[in-house]
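Below you'll find only one chain, the form predicted on its own, shown as structure tokens.
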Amino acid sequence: MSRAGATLKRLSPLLLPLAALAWGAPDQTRAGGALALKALAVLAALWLLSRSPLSPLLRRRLSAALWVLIGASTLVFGALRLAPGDPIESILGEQAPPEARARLSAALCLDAPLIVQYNDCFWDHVLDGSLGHTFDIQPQPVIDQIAEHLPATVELAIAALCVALMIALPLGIIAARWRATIIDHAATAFALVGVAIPAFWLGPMLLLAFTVSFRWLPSPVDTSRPLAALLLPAITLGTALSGKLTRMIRSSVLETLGEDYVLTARAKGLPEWLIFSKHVLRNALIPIITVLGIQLGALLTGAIITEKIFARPGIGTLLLDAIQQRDYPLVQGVVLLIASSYILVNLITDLLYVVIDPRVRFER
């Protein structure tokens, strides 16, 4: 059986209920036909990808990325409709007249059957690039809302990652170099403390100490000194990540130190700094990059607690507010961004594998 045939066989359990739902009213039949065409387009894209000159590793990653995006989007679409709460009530209030509720429900595409909502009010808006419009008195394109809030989250994620690396890299290497000494025990204890301290406690404590008591740093909402205002959120978010990275770097470096090529380099009389820089660190990077890719994806999706504590208008804050207001298109758009961020970061991680270890390119 060809790859396209196998994909169609896997997709058939989803297409059969779709056809059953579409069998009935004309709008449902039309929406079902449109979804079937979209499914055929996905299969055609997968077939073209399987025939492309890309490496097998990259083809597998891109195919998996497409399925992850479709699956995550469909799951959040269904979960939002099953969740309690009424978007109309959150916009108009409990005392709104039935006529106004009916008009707004029709305008927001909430009175249509689920299959029509799934095709017309979700996938059509995803494909046209707008991701739909927010549920509000004055609707705005979801993509505009995401574009407005994304820079704050990217800024915080990069700053937190820099803080984590500045702490974890030297601690992890020193702990591995002087294994089972007081230095190793101190570095391990710091890693455990970093993981154990929750952000909802560390953030307010840093604010009380450096902003309220000593006044060394400005308020996080002070736009006149953006870099100084970013420091405390980056430390709050980066401390927990540094604890995880310290243990991972220590473990990876210790494993690499026991390899035969390191013992051979020492037997040749090479200096220790050269062994570490040329042989140990480069070969220890692959598991470290794996953890970094996963953690960066998590940071890019927005640390809700940290953004709320420091009043940063990022993606995490946007998602939390959208859930509270039952803003279906905005939640769906943010989740799609989250899935895309994870996919992109992991794809870049896979490409970095090839740069660091060329043997990866020959994997099938």
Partner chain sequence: MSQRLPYWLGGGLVLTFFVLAWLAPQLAPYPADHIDLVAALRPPSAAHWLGTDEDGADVLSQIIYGSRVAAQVGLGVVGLCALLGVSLGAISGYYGGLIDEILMRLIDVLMAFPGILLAILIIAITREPSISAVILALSLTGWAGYARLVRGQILSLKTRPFITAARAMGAPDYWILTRHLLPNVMAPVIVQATFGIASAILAEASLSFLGLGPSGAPSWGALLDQGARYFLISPHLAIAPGVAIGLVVLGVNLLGDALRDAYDPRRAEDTASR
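In this text, rigid core is short for the largest set of C-alphas that superpose within 1.5 Å between two forms. Residue numbers count along the first chain shown, from 1. Since this is a predicted model, take the numbers as computed values, not measurements.
The same protein also exists as the form predicted together with its partner chain; that form is not shown, yet it is the one meant from here on.
Across the proposed site, 173, 289 and 292 without exception lack any heavy atom within 4.5 Å of its partner chain in the model of the complex. Put simply, residue 200 is close to its partner chain in the model of the complex: some heavy atom of it is within 4.5 Å. Though the partner is left out of this view, residue 76 does reach within 4.5 Å of its partner chain in the model of the complex, counting heavy atoms only. Using a 4.5 angstroms limit between non-hydrogen atoms, residue 179 touches its partner chain in the model of the complex. Taking the partner from the other structure, its partner chain in the model of the complex has no heavy atom within 4.5 Å of any heavy atom of residue 32. Between the options 39, 68, 49, 58, the residue in contact with its partner chain in the model of the complex by a heavy atom within 4.5 angstroms is 68. Put simply, of 165, 217, 195, 110 only one has a heavy atom within 4.5 Å of its partner chain in the model of the complex, and it is 195. This chain is displayed without its partner chain, yet in the model of the complex the stretch 78-86 from 78-86, 267-275, 147-155, 281-289 comes within 4.5 Å of it by heavy atoms. Residues of 315-337 that come within 4.5 Å of its partner chain in the model of the complex, judged by any heavy atom, are 319, 320, 323, 326, 328, 331, 335 in sequence order. Positional change of residue 326 between this form and the one not shown reaches 2 Å or more at the C-alpha, relative to the superposed core. Positional change of residue 198 between this form and the one not shown stays under 2 Å at the C-alpha, relative to the superposed core. Core-superposed comparison between this form and the one not shown: the CA of residue 260 stays below a 2 Å shift.
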